[in-house]
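Next up: a single chain in structure tokens, the form predicted on its own.
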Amino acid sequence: MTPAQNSSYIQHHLEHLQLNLSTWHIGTGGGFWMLNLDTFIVGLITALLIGGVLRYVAVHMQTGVPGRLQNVVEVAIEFIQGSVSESYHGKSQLIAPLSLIIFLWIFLMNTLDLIPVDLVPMVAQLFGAEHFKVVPTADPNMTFAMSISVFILILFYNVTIKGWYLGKEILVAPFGPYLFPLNILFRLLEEMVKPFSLALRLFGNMFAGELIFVLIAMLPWWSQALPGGIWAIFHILIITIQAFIFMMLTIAYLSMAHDKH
């Protein structure tokens, strides 16, 4: 490929299939009213798939010798429950199921990065879509949507668990009542950094991984197998770690919302 072709190839794989909510026109571009259709579709399908599988396992639960799928789900549930019991200091029946869904959903969306970079766009072109990015977590809109949802839950727990004590905590901690303006500033910074830490870490790692796969795909076909295989094996570790980190940070932040200074 020439430099111009390389640039066009990379740009093609970085553009989303978008829906303009003001004109209901499907295409590409920018603006506030643009919805990344590929992110929305893949995120919804993976969410429904996880919900369907967990529902199927729950309905067909065996008390004797469990099947392989039930074994996998039980191992995941036990692992999540152990992580929650070690890190979460409050009492809530929501945290363990929430952590399980977060881990499985992000892990499944991350795993889509192992699909050959040209496969899904080629299939999408058969249906008239010029662009289609298959990894939702490589889209900051998706990662920020998840992190903001967690952030709203953090604020909810702060208010409902601490009540009036929350106001005292904001004014007094950590420097005492006489430096309350500084305490308020530090508290705002502490809270605002949480959704950014969740969203940007996941997006940065997945976007970089996707970009490396695109760069490998630009190599001659006979030289792609070795670097592609090595990166895919290493990327499996990144996929799992990023899902685990997002889940553990969510647990830690929700636990902090229960703790009093």
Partner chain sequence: MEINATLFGQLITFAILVWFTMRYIWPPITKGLHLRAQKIAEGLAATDRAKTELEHATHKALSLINEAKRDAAHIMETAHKRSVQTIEEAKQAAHDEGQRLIERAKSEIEREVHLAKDVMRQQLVALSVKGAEIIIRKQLKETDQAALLDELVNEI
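Residue numbers count along the first chain shown, from 1. These figures come from a predicted structure and were not determined experimentally.
From this point on, the text means the form predicted together with the partner chain, which you will not see here.
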TL;DR on 187-195, 162-170, 77-85, 118-126: the one with heavy atoms within 4.5 Å of the partner chain in the predicted bound form is 77-85
message: Would all three of F40, D139 and F144 be in contact with the partner chain in the predicted bound form, where contact means some heavy atom lies within 4.5 Å?
response: yes
The partner chain in the predicted bound form has a heavy atom of only one listed residue within 4.5 Å, and of S149, N158, T111, N183 that residue is S149
Closest heavy atom of I10 to the partner chain in the predicted bound form, within 4.5 Å or not? no
Do W231 and the partner chain share at least one heavy atom pair within 4.5 Å in the predicted bound form?
no
With the partner left out of view, is Q242 within 4.5 angstroms of the partner chain in the predicted bound form by any non-hydrogen atom?
-> no
Next on the checklist: Considering non-hydrogen atoms and a 4.5 Å limit, does the partner chain approach L21 in the predicted bound form?
Outcome noted: yes
Checked 31-67 against the partner chain in the predicted bound form; residues with a heavy atom within 4.5 Å, sequence order, are G31, F32, W33, M34, L35, N36, T39, F40, G43, L44, A47, G51, L54, R55, V57, A58, M61, Q62, T63, G64, P66
